[in-house]
Each structure stands twice: as C-alpha cells, then as structure tokens.
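Single chain ahead, written as structure tokens, the form predicted alone.
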C-alpha cells in the first residue's frame, strides 16, 4: 500500500508535508465551499501551545529510555477518553507475523515538542485491534490503547459516530490533521513540534471509485475499489496557494484527522496509508464512524450523555461552601461539574464549576462570596460533550465564620512509612483558631490518622503502605473546616 504504512520501531508517519488552507472542486461539478476563501498558509505552520491537546505521540518504551521522545516516536494517536487512545492498527501489529505489540513496549507521550525536557508519558495496560483489520488491504485500520492510569487534565476528542452530521465527511469538507511526521517527500526532515493544517475530504467516487478530484487547480488521481475500501476509508489532501500538495507522511500514522469545530469537533479519521507523500494521489485515512461499535466495545467512545444525577455533600467554609460530587458509573464520563447555591430569601444564585481530578479524589468545586449564617439550597449537575444530567436533589448548607484552612504545600514520604508535610497556615477572622491538624485517611477505606500541625510542619508515622487522602483541619469556636484533599503515597 505504499511507504506510508509504517513498520514497527521506525521513526514513521506523523505530520504534513506542508500545511495550508485548501480550496477545490470535484470534476468541476461540486464547487468549493465559499468560506474556504483564498489559500493563506504556505508550507505549514508549527502548532501553537494548546492546539489539539488530545494529540498524543506513541513512543517505543526502550528507545525512549535510551534516546528520548524524538527518536522513540513512531506513530500518533488521539485521546478519546481519560483512559483510551485511538490509533492505527498497523502501528501496533507486526505485518509479517500478525502479532500485536506487547503493551509494556509502548508509552504514550503528551507533549507538543518531542525534544522538550521531561516529556510526560503514560503506560499502556492493554492493546485491542479491530477484529476485521487486514494488514494486506489495510482495512479497518484502527486499534485502542488502554492507559494504565487515567489522564484527567486533558480534554479528549469524541470519535465520530454514525449519528453525527454526515457533512463532517462529505466531499469538500474541511478536515484538520496533525502530527510529527516527515516534512519532505524526498528526504528525512522531522520536526520537533507537531504540525497542524487543513485538508479537503475527497468524494467516495475518488476514494474507491477511481474518479479524479480537483483541488486548487491540481487534478488528483483517485483510488479504485481494488485499493481503497469506501466502507472503512476516507481520502483527503490539500494544495497551498503556490500549488504545493498538502499531505501526511512518514511519522503521521495513527494521528488524528479532525472535522468540525468547537463542541461539534470530532475525530473522523486516522492517518493510514498512501502512495509516497505529496504526489497527485490523496492520503488515505481510516474512517472512524465505520468503527463505532468497536470503539464502544473497547470503552474508547462515550456513546451516552450523563443520565444519572450526581449526589453531593457540602463542606462548610467561611463565606463559602465546597460542593463534593459523587457520580454514578453510567458510562457517560463527565467532563464538567456544576453546582448552584440559591438564597431562598432573595432568589440570588451563586455558581461554581469543576473538572475531573488528576488524582484519586472525587471532583469538587467551591461556591464563594456567600453570606455567613445564611442557609442556601444547593443543587448540582454533570455534563459531557453529549449533554447534561438531571439536577441533583437539593442539599441545604450554611456558611460559618470557621477558619480558612491552610493547605499542604510540600510532602516527603520516607521508606519507614512516615510522611512529613509543609503546611500553608490557616487563618480566621471571627474567632481565634484553637487547633490545626493533618488528617490522612486511606483512599480505599479505613480509619484516618491525625497529627498536630506545629508551626508550618506536621509528621505522621506508622502508616500503611497505600494511598492516603490528606487534609488540613483548622478549628475555632464556630466549628472546623478542612482543606481540599491531596493524595499522598506511602511506601514501605
């Protein structure tokens, strides 16, 4: 299928030969959408910080240890939930033996720059390949990597479902593609930071039907049914203002082809194969919507909006209420948590929002600017990209002039099951603080242990080797208040 189909452990398929805004027509019958305008990006742009945060680099674990991320990168992928990465099957399957790469051989890199110091990585616990994947025809070229630990501080992208708007993959639709692959069709030239740009989707008549397709004044040859399978493939390419062909290349395999914008943005394809790079034939991408059942079965596609309201409890603070969320496992994977506190007398509503925690703690948010000794009715809901849950049962909370608790600033955990923490001091306005303590409870259940905070320090000894949820508790005559929890690992 051409040299875009990479072989394992090569520095393969990941960017654009040049990135630009493409215009075009199909056989002079389909006019380019008028909003495309005149091509205005020539030879590609580096990505900006914050672009496509769901884009990941697949790294060979052994090469990463010896040579770093730049040399270890062999494919791209997309984070579609907090625990799943979607990539091309050919990235993780040996073409000769059909063997699937062992999960421990792959790391997932979360970075824009492969040469950045301390590239963040995640381990892989499982790799699942589409059961209909055919390495010879490169059909159903998709696989799911399950992460050993969830990634809760990066917003995933939702894969396209069959029920999403067909216009996302219609002929002439704009699609964004990105990766760290070769910038040259004739020599090796790999970038440190990934490239981003837009292509045009080819009609099925050109991607499996053999028809030609015109983009920016260049006539592209299509692929016939003997090469491209419309059922599981998309074709795309672009042309710059000076008629250079825009295409993905070696190093881009498995990377995302994205359609739509904002809340409507979807993963519509994965870089799969092509005949060389930047020639008058399009790049070929795995059609994600055709593999929705596989993605749902591997938990890589969230198929439902939240259908169960959260339950909440409140932590009383000085002029504030912390809302702690408990969420049912309905398969919806919430991305936003919202709480509202209503003053029953005036009807005024105060709001806070939160995101999933990056540690083992339940999510929360804090409603501020409340009036002490006033009772508020608090409700909450959760949302993901598909919708919002029903509203929770109301809970009443009354802010008090309790201390504003400090926080855990630094932690030392020794091998004799002892932890020492540096604490930011608590303070109180309405009544003096009478005690301050460090309290730690095992995350998986069990009794808490506490130690008095002396000055800026607290020490806890003889802990079990496990994860603890630790808080600072400050007390005065009006009551106690606890800081936001922090997870601390205790080792033997």
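Keep in mind that this is a model prediction, so the values were computed, not measured. Residue numbers count along the first chain shown, from 1.
The protein also exists as the form predicted in complex with a small molecule; that form is not presented, and the subsequent description refers to it.
Classify residue 101 as contacting or not contacting the small molecule in the predicted complex by the rule of any non-hydrogen atom within 4.5 angstroms, answering yes or no. Looking in the predicted complex, residue contacts with the small molecule do not include residue 101, since no heavy atom lies within 4.5 Å.
Would residue 273 sit within 4.5 Å of the small molecule in the predicted complex, counting heavy atoms only? Residue 273: yes, in contact with the small molecule in the predicted complex.
May I ask you to check whether residue 197 falls inside a 4.5 Å heavy atom distance of the small molecule in the predicted complex? Residue 197: no contact with the small molecule in the predicted complex.
Heavy atom to heavy atom, is residue 251 within 4.5 Å of the small molecule in the predicted complex? Because a heavy atom of residue 251 falls inside 4.5 Å of the small molecule in the predicted complex, the answer is yes.
Is it the case in the predicted complex that 90, 277 and 283 each bring at least one heavy atom within 4.5 Å of the small molecule? Yes: 90, 277 and 283 each sit within 4.5 Å of the small molecule in the predicted complex.
Region of this chain that lies against the small molecule in the predicted complex, out of 164 to 172, 373 to 381, 240 to 248, 289 to 297 [heavy atom, 4.5 Å]: Only one stretch passes the 4.5 Å heavy-atom test: 240 to 248.
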